[in-house]
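The chain that follows stands alone, in the form predicted alone, written as structure tokens.
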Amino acid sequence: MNLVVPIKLVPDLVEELVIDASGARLDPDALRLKLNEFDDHAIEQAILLKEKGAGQVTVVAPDIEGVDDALFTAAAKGADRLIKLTGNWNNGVNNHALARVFANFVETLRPELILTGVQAHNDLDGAVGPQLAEHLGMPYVGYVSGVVVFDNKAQVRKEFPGGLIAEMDVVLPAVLGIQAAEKPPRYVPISKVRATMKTAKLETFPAAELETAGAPTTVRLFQPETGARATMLAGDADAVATRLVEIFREQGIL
């Protein structure tokens, strides 16, 4: 079985986010990227399936700064193929364009199962997984926390609020949005990653032309702005109530 995991890098929210001069995007020169947390769970779930005899794991990512480390780390965990899609990624790309690029390439791999992170903190224009499934004409199940593969089906487990758990069978090929792998993503020592860099091969393929249609246009980004400060009301309950009524009248609420 061919398992494919498309991944993306997202801004590291631990670092300060700087808006560029246009005011409509983050400054790429001041931006630190890291692997999307849910994509890390998708990689782990794919490797767990491989270890149970499901097949080969291929990790696919856009060729942007920092992606080599993410791919080599995936190989150190057990991924078999590492693929970078080269293209004009310098100005960033929305999820609609990214899903089209992934679909165009992943289709050539003929996967039986595609695992993606269920979402990312910059998925303001829709998560990649459902769009990828639509382009490939495959069924999609999101918020998955467990997968068992048998015959030509995958039995997936979904968790709902209130402790409810659902299990459903999905006919393959299919796309799954992974919320949590069956086990936490394994830790890989830096020494093992560096050793993997000497043996693992990064394959590169040209990405399809970016088509940004369908995504919203960002007009402005801004840091939280300081507004008027709160007014503290002193006095007993009657005095505070009287002043509140006056404020409501001044604001036209009463």
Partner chain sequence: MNSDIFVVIEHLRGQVSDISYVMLAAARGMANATGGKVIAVILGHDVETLARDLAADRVLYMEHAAFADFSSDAYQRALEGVIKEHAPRAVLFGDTTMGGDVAAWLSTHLALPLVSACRTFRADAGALKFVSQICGGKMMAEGDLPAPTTLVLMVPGGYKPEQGRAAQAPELARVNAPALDDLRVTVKDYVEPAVGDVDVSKEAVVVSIGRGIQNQDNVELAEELAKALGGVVAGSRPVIDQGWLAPTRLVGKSGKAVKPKLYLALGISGAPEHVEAIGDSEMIVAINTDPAAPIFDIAKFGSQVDMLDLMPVLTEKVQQAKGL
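Positions refer to the first chain, counted from 1. Only the largest set of C-alpha atoms that superpose within 1.5 Å between the two forms is called the rigid core. This is a predicted model, so every value here is computed, not measured.
There is also a form predicted in complex with its partner chain; it is not shown, and the following applies to it.
Novice: Should residue 167 be classed as touching its partner chain in the predicted bound form when contacts are defined as heavy atoms within 4.5 Å?
Specialist: The answer is yes: residue 167 has a heavy atom within 4.5 Å of its partner chain.
Novice: Can you tell me if residue 69 lies within 4.5 angstroms of its partner chain in the predicted bound form, counting non-hydrogen atoms only?
Specialist: The answer is no: residue 69 has no heavy atom within 4.5 Å of its partner chain.
Novice: Does the 4.5 Å heavy atom contact test between residue 219 and its partner chain in the predicted bound form come out positive?
Specialist: So residue 219 counts as contacting its partner chain.
Novice: Is residue 229 a contact residue for its partner chain in the predicted bound form, using a 4.5 Å heavy atom cut-off?
Specialist: Output for residue 229 is yes: heavy atoms within 4.5 Å of its partner chain.
Novice: Considering its partner chain in the predicted bound form, find the one stretch among 82-90, 118-126, 105-113, 69-77 with heavy atoms no farther than 4.5 Å from it.
Specialist: Flagged stretch: 118-126.
Novice: So which bits of 136-164 sit within 4.5 Å of its partner chain in the predicted bound form, heavy atoms only?
Specialist: If the 4.5 Å heavy-atom criterion is applied to its partner chain in the predicted bound form, 136-164 yields 137, 138, 139, 140, 141, 142, 143, 157, 158, 159, 160, 161, 162, 163, 164.
Novice: Would you say residue 137 moves its Cα by 2 Å or more between the shown form and the other one, aligning on the core?
Specialist: After core superposition, the C-alpha of residue 137 moves less than 2 Å between the shown form and the other one.
Novice: Taking the rigid core as the frame, does residue 238 move its C-alpha by 2 Å or more between the shown form and the other one?
Specialist: Shift of 2 Å or more: yes.
Novice: Honestly, after the rigid core fit, is residue 161 moving at least 2 Å at Cα between the shown form and the other one?
Specialist: Yes; residue 161 is a residue whose C-alpha shifts (by 2 Å or more) between the shown form and the other one when the cores are overlaid.
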